[in-house]
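Only one chain is included here, represented as structure tokens and corresponding to the form predicted on its own.
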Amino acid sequence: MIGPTGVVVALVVVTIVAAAVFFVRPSITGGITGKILAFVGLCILPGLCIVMGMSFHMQRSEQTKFCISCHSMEAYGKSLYVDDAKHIPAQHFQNHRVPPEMACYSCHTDYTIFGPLKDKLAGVKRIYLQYVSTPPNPITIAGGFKNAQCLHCHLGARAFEENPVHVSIMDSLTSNQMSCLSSGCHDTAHDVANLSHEKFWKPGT
């Protein structure tokens, strides 16, 4: 069965072949049938290539393996395997509280109406810095990590809403006045600076 990549590649090849035929034999476009074929080959097929290619790469950009494929993000990928319950991203990843194949996207996407598009545009900027300039060190999130990313899943969950600590500060959490990552709560995220001191979980062991 041909996967999405194969479909896009096949479509690109057909488009190139069609364009080459019309370039070598422009006389084909003399009749109405030729004009229709030329329109399909030079307008419709390239348009499909663009749309399908963008759709494929947009979906690919949501994959954890894509996010950590940059050298500057390798340590963040490694931190998902820290064998310590205090490390929030690791626990979410290892226990499938988020889809592991989309762990980064699940926790770092802004779930507003245009959030995913805005985040992906920010991701393009980071890719640019990876290959053309120098990524910032340390890597930070513009505007900070918002509680909405956590509450998107946890709000409405019984274990979260009936927790006495959460009940007492719920208004502060939902208004983002107090961060979920506050000291004393869930304050250990991607502690990449101290990974050399950590023990790591190996799947299947």
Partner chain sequence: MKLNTIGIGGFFRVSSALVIVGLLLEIVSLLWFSPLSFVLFAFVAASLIGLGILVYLASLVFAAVPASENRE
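Residue numbers count along the first chain shown, from 1. A quick note: this is a predicted structure, and the numbers were derived from the prediction, not measured.
Although not depicted, the form predicted in complex with the partner chain is the subject of the following passage.
Just one listed stretch, out of 146-154, 165-173, 57-65, 133-141, contacts the partner chain in the predicted complex at the 4.5 Å heavy atom level, and that stretch is 57-65. The closest heavy atom approach of S179 to the partner chain in the predicted complex falls outside 4.5 Å. Using a 4.5 Å cutoff between non-hydrogen atoms, I127 counts as a contact of the partner chain in the predicted complex. Contact check for H92: every heavy atom lies farther than 4.5 Å from the partner chain in the predicted complex.
Interface membership of R97, defined by any non-hydrogen atom within 4.5 Å of the partner chain in the predicted complex, is ruled out. Scanning 8-28 for heavy atoms within 4.5 Å of the partner chain in the predicted complex gives V8, V9, V12, V13, T15, I16, A19, A20, F22, F23, V24, P26 in sequence order.
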